[in-house]
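Read on for two forms of one protein chain; each stands alone as structure tokens, with the labels structure 1 and structure 2.
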Structure 1
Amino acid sequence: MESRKQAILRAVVHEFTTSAVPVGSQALQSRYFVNLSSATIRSELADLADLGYLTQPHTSAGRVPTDSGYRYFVDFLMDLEPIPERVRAYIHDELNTAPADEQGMVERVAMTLAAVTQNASVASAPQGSLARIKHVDLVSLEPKEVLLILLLEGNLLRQQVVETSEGATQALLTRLAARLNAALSGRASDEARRRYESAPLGLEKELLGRVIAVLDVYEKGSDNLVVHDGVRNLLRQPEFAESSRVHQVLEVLEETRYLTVLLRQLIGNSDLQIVIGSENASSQLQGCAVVLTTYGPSDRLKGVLGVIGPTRMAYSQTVARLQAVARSASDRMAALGV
């Protein structure tokens, strides 16, 4: 595309994302292209409309980017907006005072992301395909009930109440835990599976079985924590003035299974993904754009982080800040998770 057309498309996107009002040739002329006439701009706009990048709400209105218009902008025209020092400091502070536990951390990440992008955010807890076990603990609850506590890499705690076939004193459980720790701690989950195969029948095998069950759930990600925040930010945008639009977005966010699907989209893809309007699989997200990236304490442990807003979103700002949050969060988790 000729560079002037590109410049005009960029200007339309920029103008529309800030004003939310369809942009006309005069506005463009006075604010962006003082040495072009509005007639020339009009003919360029008409061309861009023919190419499918712009559309008009009605005949005598200004132009609005289409989903493909935004796509072209994002793919070819966007350059990341620098992040103000204040925002950078805010991100840093919020994440470095975040709680060390999984849930507190993920919630803080989502909160921070929503605040700095002024959109809705989602975050899923980091998760790896072959979990490493750091520590195992067994606590006697009732004669035949044991609480199994598992500490995984990333300092993730998992607990499960186990009904055992034979009773066990705390003293016995403590010895058993010591044995399990000697065998498993610092090892990956496959070691637990190996030991389970070769273990003789008895309490130890029983408990190893439950350890494996917990690891399975974790590795399949079926208990994966997903949080969202910042829906209130969306309500400031005119596209969510009628609450039916909010309703659709909230259905996606509050129904965790939808969200999980959404986040799975990222797996196996590049580290930054932008899904615009009709590109969304879910029909409820028409008119919305989703910007996704990954984060986590290490290469093997990754969660997904995303921003959800109207397609009329300040993409260059959103992407920059999303990446900054992802980086800060990853750093912080790496420092904690060891």
Structure 2
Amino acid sequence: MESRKQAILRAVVHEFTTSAVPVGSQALQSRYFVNLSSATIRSELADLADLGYLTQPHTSAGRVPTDSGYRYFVDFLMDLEPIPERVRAYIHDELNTAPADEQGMVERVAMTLAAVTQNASVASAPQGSLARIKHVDLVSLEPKEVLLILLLEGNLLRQQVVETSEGATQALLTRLAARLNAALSGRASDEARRRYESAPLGLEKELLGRVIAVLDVYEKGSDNLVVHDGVRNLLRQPEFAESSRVHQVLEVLEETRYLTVLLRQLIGNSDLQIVIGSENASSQLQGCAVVLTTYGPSDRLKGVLGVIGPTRMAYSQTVARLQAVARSASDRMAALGV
């Protein structure tokens, strides 16, 4: 695209994002392009409309960006907006005092993001967080059957009958449980995996394998924790003046299992994903923009953090603040060992 068309498209996006009013040539000339005539600007606007980047609600109205126009802006023209110091301080203060438990942490992250972006926010818990062993018990049932009792931090109890390849007395199982508790109590699942890899073939390795399987199921289940906040912010946007529009977004946000899968599909393998309007696979979100990133205490443990709002979103501001919240949340989780 020619540089002048790019400049005009950028100006239209900025003006419409700010005012929610279709942008005309006179407004563009007075605020951005004093050296261009209104006729020249109108010609460029018409060309951008022919290219599919702008549309005109009706004949006498100004122009508004299409989904393609927003996409071009995001991909080629967007510069991240500097974050004011007061906003940085708010993010730091809110997340630096976030609760240490997973539920409280994720709720605080979602609340902070909604506050600084003035849109709806959504946060999924990092996969595998808080899978820590508190205590292991092994009880002999039959010569080759063992009841595995696993207590996780948070007083979550998991029990499973394990069929072993060799017999074991209760005395042997009690000694084995004592060894496992000495090595694993208070430790995360990574420690159990390391011990399993170094353990010789035998009963201990076999039972450790079942412990890890239980932890895997728990960790995958923790990803179903998804929190949203800030739907009230959408009510301030003219695009959501009709209650049916808000209900459509709420339908997606309240369906936790569906939302978990949707977030994972949207983010894919990216660290940042922006899905605009008709690009959304979910019909309820096709009038919205969804901006997503990942966060978490380590590269292995990642959740998804995102903003949902109208396609007329302040993308430059939203992306910058989303990434700032993700960094602060990740630092807090790493410091807490969440």
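What you see is a predicted model, and the numbers here were worked out from it, not measured in a lab. By convention here, residues take numbers in order along the sequence of structure 1, the first being 1. Take the two forms, find the largest set of C-alpha atoms that superpose within 1.5 Å, and that set is the rigid core.
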property: Selected structure - the one that is the form predicted on its own; result: 2
property: CA of residue 197, rigid core aligned, shift of 2 Å or more between the two structures; result: yes
property: Displaced residue check between the two structures: residue 236, CA, 2 Å or over, core reference; result: no
property: Large Cα move at residue 166 between the two structures, threshold 2 Å, rigid core; result: yes
property: Core-referenced Cα shift (Å), residue 178, between the two structures; result: 3.8
property: Once the two forms are fitted on their core, CA shift of residue 187 between the two structures in Å; result: 7.7
